[in-house]
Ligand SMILES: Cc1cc2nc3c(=O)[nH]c(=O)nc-3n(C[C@H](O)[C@H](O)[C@H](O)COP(=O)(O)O)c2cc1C
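Below you will find one chain, with nothing else, as structure tokens; this is the form predicted on its own, and questions on how it binds or moves follow later.
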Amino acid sequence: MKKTADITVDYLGLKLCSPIVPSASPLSQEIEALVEMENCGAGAVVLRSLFEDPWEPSLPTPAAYFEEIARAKQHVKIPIIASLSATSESGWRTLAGQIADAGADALELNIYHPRLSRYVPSSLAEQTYIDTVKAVTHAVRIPVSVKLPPFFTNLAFLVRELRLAGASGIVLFNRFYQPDLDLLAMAPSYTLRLSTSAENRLPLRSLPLLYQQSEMDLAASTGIRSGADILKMILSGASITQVCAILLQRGIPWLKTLEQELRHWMDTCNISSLKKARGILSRRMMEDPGQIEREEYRKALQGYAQIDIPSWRDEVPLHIDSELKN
């Protein structure tokens, strides 16, 4: 009889029955939804974010958020990871402490500090993240992870500094919602666009490099929509994967499908344990880490030879082609 694959993982010092973790979203605001997530196999759940400066009535107040944590701990056994987005150092410290007191098993920092001023150096933007982590980890004893955007000059250095500041994990990546332009209204359009599988190439690129240089747990986020995506992230160095868009589209029960697909690919690839498989496809670090980037760039360029690219003349509409000939 074939032994069942082991999909248990460790994350932030917590024992998880699965690497599939619903990320912060409106789905987690009801106790019934949390219970359903647990019943459908979620390894943990990240609650929707608590904002220090909520901008609409539907967002929870601090008191309501702390109550959500307490109720969640009463109704489910899987770890509850709170999410916090504050705007001031006192807000980070105070709210983080109250979240820990409410019973959260861990805390994810949803730091959003875009710097577009020509007078603010990039080093100051990075220091904001480091100072925030220091303030929070000094205020709480529960493990803290940081959800980062991908746009840093040297992500590996920042991750190292965040570990020294007290962070236990990193979430790759925070997905910023770039507005489109409505030409008829002559104004920005803020329509929410859910992530696609194509976007998971971003964490898939950074995970292997950080895994070789970091001693922290890594969580993959953005565009993870299948069991194959999940296994790729684990093999690249992720401890867990966070899912959101696919659950918003398919419903919470789709967690079962993701687990079935994950187990299928583990069987196909002859992988018996995710803990043992973590990071086995990460890049071997070289004396000069930049050499990896250069080699991968060269390999990507070589891929052009494998693409059947038609001549641009074949793509030109007939009436334009006639004008060109004249």
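All residue numbers refer to positions in the sequence shown, first residue = 1. Quick caveat: nothing in here was measured; it's all calculated off a predicted structure.
Below, we refer to the form predicted together with the named molecule, which is not included among the displayed structures.
For a residue to qualify, one of its non-hydrogen atoms must sit within 4.5 Å of the named molecule in the predicted bound form; none of 13, 168 and 278 qualifies. Screening 269 to 277, 44 to 52, 254 to 262, 30 to 38 for residues having heavy atoms within 4.5 Å of the named molecule in the predicted bound form returns a single hit, 44 to 52. At a distance threshold of 4.5 angstroms between non-hydrogen atoms, residue 208 is out of contact with the named molecule in the predicted bound form. At the 4.5 Å threshold, heavy atoms of residue 223 reach the named molecule in the predicted bound form. Among heavy atoms of residue 248, some come within 4.5 Å of the named molecule in the predicted bound form. Although the partner is absent from this view, residue 9 stays clear of the named molecule in the predicted bound form, with no non-hydrogen atom inside 4.5 angstroms. Only one of the listed residues (73, 160, 175, 134) places a non-hydrogen atom within 4.5 angstroms of the named molecule in the predicted bound form, and that residue is 175. The listed set 86, 235, 106, 244 contains one residue whose heavy atoms approach the named molecule in the predicted bound form to within 4.5 Å, identified as 244. In the predicted bound form, 23, 24, 25, 26 are the residues of 19 to 34 with at least one heavy atom within 4.5 Å of the named molecule, listed from first to last.
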